[in-house]
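Consider the single chain below, provided in structure tokens and representing the form predicted on its own.
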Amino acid sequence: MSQPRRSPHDSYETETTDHQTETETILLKHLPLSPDLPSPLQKDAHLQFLIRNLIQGFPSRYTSQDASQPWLLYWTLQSFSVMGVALDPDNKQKAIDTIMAWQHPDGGFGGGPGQAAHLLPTYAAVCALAIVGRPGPGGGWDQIDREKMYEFFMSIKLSDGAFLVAHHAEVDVRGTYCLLVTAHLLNMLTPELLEGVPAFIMSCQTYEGGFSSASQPYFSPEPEGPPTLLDSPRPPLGEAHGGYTFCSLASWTMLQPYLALQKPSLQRSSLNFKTLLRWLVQMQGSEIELGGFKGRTNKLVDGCYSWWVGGCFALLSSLGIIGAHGRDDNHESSTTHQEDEAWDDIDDSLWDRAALQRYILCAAQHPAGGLRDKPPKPADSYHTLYCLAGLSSAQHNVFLSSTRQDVIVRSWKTPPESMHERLRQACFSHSLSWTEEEGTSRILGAQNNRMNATHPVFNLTMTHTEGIMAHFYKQTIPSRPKKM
């Protein structure tokens, strides 16, 4: 394999250019001899890395993550799931008991026992329960206090549609994503919970096209009573970032059923998909960066953005923004008509799936097990999951199937009459209509490199997503057609 060109340099050296040059020099050493023959996925080593952390405990350097205990468990459990490995019953029960110790008496989950409820560990705890939990006593699912959790959600909601991540804390669009996923999985969606959320998501989009963490609301003073919230100006706070962008776009995707139920007069303008798509495409590194993704403009490639940025393309496809690849025959995307431009002429060549797999396999794997940001950094649980999830998103085409959605809607047990019931049905069927297109998997290298497909919005397997949602919505999910 010929040596790729280095990034352009204007001869003005800075700390940024030094880091870029250093990174390219290191990545060159991980360039495979043949682009189609990358390093094999060392599944056994990665499993041993995860098992060691789960059974023996995390190394002392994880002490700083004391408020992220649900995340450490979720990253570990979902890494197992993506690699097609399940826990034994005893370890599942230990995990369930550990998770339930994090539930706050006033609703939601904290980062550890006795810690304050927070939206981010609430998402991680509920997703971990989706993987290992079950109905009944001691199974975790029925021990979640959904009533108090809903009260917690409403207590941190602001008048502009944003949410604090915890009481007396900051606004962060990642918290909005975590809340929406949790509310979808646990059947907690209501019009009052979602009111104003689309406008907040829109306000976080930056001039670059990606999304920042929050926006600055503006209020007009009133002679009497509370101030009135203005629609504009409402500038985003901070620069576009891969993690915020995924959470914003995934939130927008989850909000589509809610928006479709609004009166036409209340359906407002959409996101700027042109600038968003351009920004996402520009985040993929060049050949000398092995096709990895960056999280911000002028930054270094990092394995975790394999999911945070690479995972955005399936979401754009579901919104009808890029191509018709993976849609059902004789069906249009359920949301294409809502967007001004469908961009049907754009195909899968917008991003290089094979190059992303090459980066993960050749640069992100640590020799001792686990995955990492990039060499020579150590492996950690966070990068292990999001590298594996990114590998999955690059291998599989998972799309919103209108045929599957129709089947789920027809199986709904009671006719929805109220707005709340229509919202529940729409969000349930929308969430569970994601389908892997048969015969389109693109596995770089050996078949052992194959990952399980994962839900593009929730980052759970479809099996775990269907299991927990069927329980909380009290619905029977129609079986999927058997693979021939």
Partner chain sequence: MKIEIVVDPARPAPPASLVSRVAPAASAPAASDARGASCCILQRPEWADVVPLEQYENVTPLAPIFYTDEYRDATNYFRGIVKSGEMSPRVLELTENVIRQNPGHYSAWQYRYKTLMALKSPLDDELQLMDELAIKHLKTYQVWHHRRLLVQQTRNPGPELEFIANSLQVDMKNYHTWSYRQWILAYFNDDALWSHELDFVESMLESDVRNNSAWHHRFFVAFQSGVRNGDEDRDAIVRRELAFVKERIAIAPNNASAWNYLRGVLDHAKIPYSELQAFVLPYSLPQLPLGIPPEVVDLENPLPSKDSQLPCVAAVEFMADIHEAAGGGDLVKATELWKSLANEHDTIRKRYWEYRIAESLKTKSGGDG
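For clarity, every value in this text was computed on a predicted model and none was experimentally measured. Residue numbers count along the first chain shown, from 1.
What comes next is about the form predicted together with the partner chain, which is not displayed.
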query: is_contact(residue 366, the partner chain) in the model of the complex, heavy atom dist at most 4.5 Å; finding: no
query: Contact label in the model of the complex: residue 121 to the partner chain, heavy atom within 4.5 Å; finding: yes
query: Interface membership of residue 418, the partner chain in the model of the complex, 4.5 Å heavy atom rule; finding: no
query: Contact label in the model of the complex: residue 34 to the partner chain, heavy atom within 4.5 Å; finding: no
query: Listed residue (443, 45, 51, 453) with a non-hydrogen atom within 4.5 angstroms of the partner chain in the model of the complex; finding: 51
query: Proximity to the partner chain in the model of the complex, single hit among 259, 407, 188, 350 (heavy atom within 4.5 Å); finding: 350
query: Segment assignment from 222-230, 408-416, 386-394, 86-94: heavy atom within 4.5 Å of the partner chain in the model of the complex; finding: 86-94
query: Contact check for 62, 281 and 296 against the partner chain in the model of the complex, heavy atom at 4.5 Å; finding: yes
query: Heavy atom within 4.5 Å of the partner chain in the model of the complex - qualifying residues of 2-36; finding: 5, 8, 9, 10, 11, 12, 13, 14, 15, 16, 17
